[in-house]
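Only one chain is included here, represented as structure tokens and corresponding to the form predicted alone.
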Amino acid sequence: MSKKSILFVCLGNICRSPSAEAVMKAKLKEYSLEHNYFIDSAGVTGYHAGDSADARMQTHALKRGYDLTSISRPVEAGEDYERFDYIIGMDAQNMSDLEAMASSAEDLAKLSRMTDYCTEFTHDSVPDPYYGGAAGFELVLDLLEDACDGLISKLEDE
């Protein structure tokens, strides 16, 4: 069985997508499924390329046991669309940017929004917490935990 590959994408790859990567990896490990998946994250922009995750996001994630170890990088349109089975954006703008980077119907078929997998929350996006306070970072983690559980359930049912 080949590994399923998932790329989580937000604007700068310093808050939401590295958190999604860490939450997904932790949940896969919890369910003993980590060997079946390759997980990564990227940003639609390269503003923060080479940077660690936002310190505030790291602090909130660590309180829940998630270690944000990824280093920011931009989406590489051709390579990432070829390498990943699923490319998951955090909000409508991320989705629009990802759609614009797609070069085929096959690429477009790989795209989905993170909140599509939520089973408890009804948000239509994972909001960017960068300019907000602590509650925004906590909401991001709440949404990601819910969505990652839903995503794992969907993938394991395929």
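Start at 1 with the first residue shown and count on from there. None of the values given here were measured: they were computed from a predicted structure.
The next section is about a form of this same protein that is not shown, the form predicted together with 4-nitrophenyl phosphate.
The contact with 4-nitrophenyl phosphate in the predicted complex, taken as any heavy atom within 4.5 Å, belongs to 48 out of 48, 110, 113, 60. Scanning 38, 31, 130, 121 against 4-nitrophenyl phosphate in the predicted complex with a 4.5 Å heavy atom cut-off leaves one residue, 130. Partner contacts here mean any heavy atom within 4.5 Å of 4-nitrophenyl phosphate in the predicted complex, and among 22-30, 121-129, 62-70, 102-110 they occur only in 121-129. 4-nitrophenyl phosphate in the predicted complex comes within 4.5 Å of no heavy atom belonging to residue 144. Heavy atoms of residue 148 never reach within 4.5 Å of 4-nitrophenyl phosphate in the predicted complex, leaving it off the interface. Annotation for 13-43: interface residues with 4-nitrophenyl phosphate in the predicted complex are 13, 14, 15, 16 [heavy atom within 4.5 Å].
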